[in-house]
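Shown here is one chain on its own, the form predicted alone, set out as structure tokens.
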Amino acid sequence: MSDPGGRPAEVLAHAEAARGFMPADEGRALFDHAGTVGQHGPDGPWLEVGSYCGKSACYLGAAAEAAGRQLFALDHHRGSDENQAGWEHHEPDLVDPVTGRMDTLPIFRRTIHDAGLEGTVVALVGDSPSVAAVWRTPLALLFIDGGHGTEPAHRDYEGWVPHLAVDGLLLIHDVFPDPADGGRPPFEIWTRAVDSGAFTEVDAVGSLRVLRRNAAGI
């Protein structure tokens, strides 16, 4: 892993302190691989699917800021299935007392503000398939960490992977080969990418998988 100083180190400190579920080694791998895209990857913005409270956006945003890139952070901010009441990862203080629904957008905005990334990270608030259907700009980096149910995960893959440029990076979080360790859908979409022949895996850190797109078709 790189050992940055100055402004990147400051942003990484915000990332490590931010609310969220990403382990520090996986977050640093996000930063490191995003940095390679910033230096040597194709032109185009970066996009993450699933921002929650902004932790991963800070790791990616640190690299994007250093490279002069733009990161789009897409989330409906109503929480994935696993964030709802009665599930393991539910956090009751993130429920809007007026609507009774999850709302992570205020925390996300504060996280990005405190990290000084408001000029680099653009929040997209909406449903992933709806935004993907009208998106037209080729992406240099795509990070999928949205809903981990079968339908949401596969829809994220099908909606966004066609927008990833050749030589761009696809990063998928929470990939667990052993079902005892976690849900299957992220593993399934990772398998789809590998089996498609359009990607080459370049790294694996914890549950994070990093793949480079090497062909136009999927």
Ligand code: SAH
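If you're wondering where the values come from, they're calculated on a predicted model, not measured in any experiment. Start at 1 with the first residue shown and count on from there.
FYI, the form predicted together with the named molecule isn't displayed, but the following is about it.
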item	value
In the predicted complex, the residue from 31, 52, 46, 190 that sits within 4.5 Å of the named molecule by heavy atoms	52
Heavy atom within 4.5 Å of the named molecule in the predicted complex - residue from 138, 106, 129, 116	129
Among 177-185, 164-172, 32-40, 54-62, the region lying within 4.5 Å of the named molecule in the predicted complex by heavy atom distance	54-62
Residue 22 within 4.5 Å of the named molecule in the predicted complex, heavy atoms	yes
Residue 120, heavy atom within 4.5 angstroms of the named molecule in the predicted complex	no
Partner proximity in the predicted complex: residue 110 to the named molecule, non-hydrogen atom cutoff 4.5 Å	no
Contact of residue 78 with the named molecule in the predicted complex (heavy atom, 4.5 Å)	yes
Residues in 127-164 with any heavy atom within 4.5 Å of the named molecule in the predicted complex	127, 128, 129, 143, 145, 146, 147
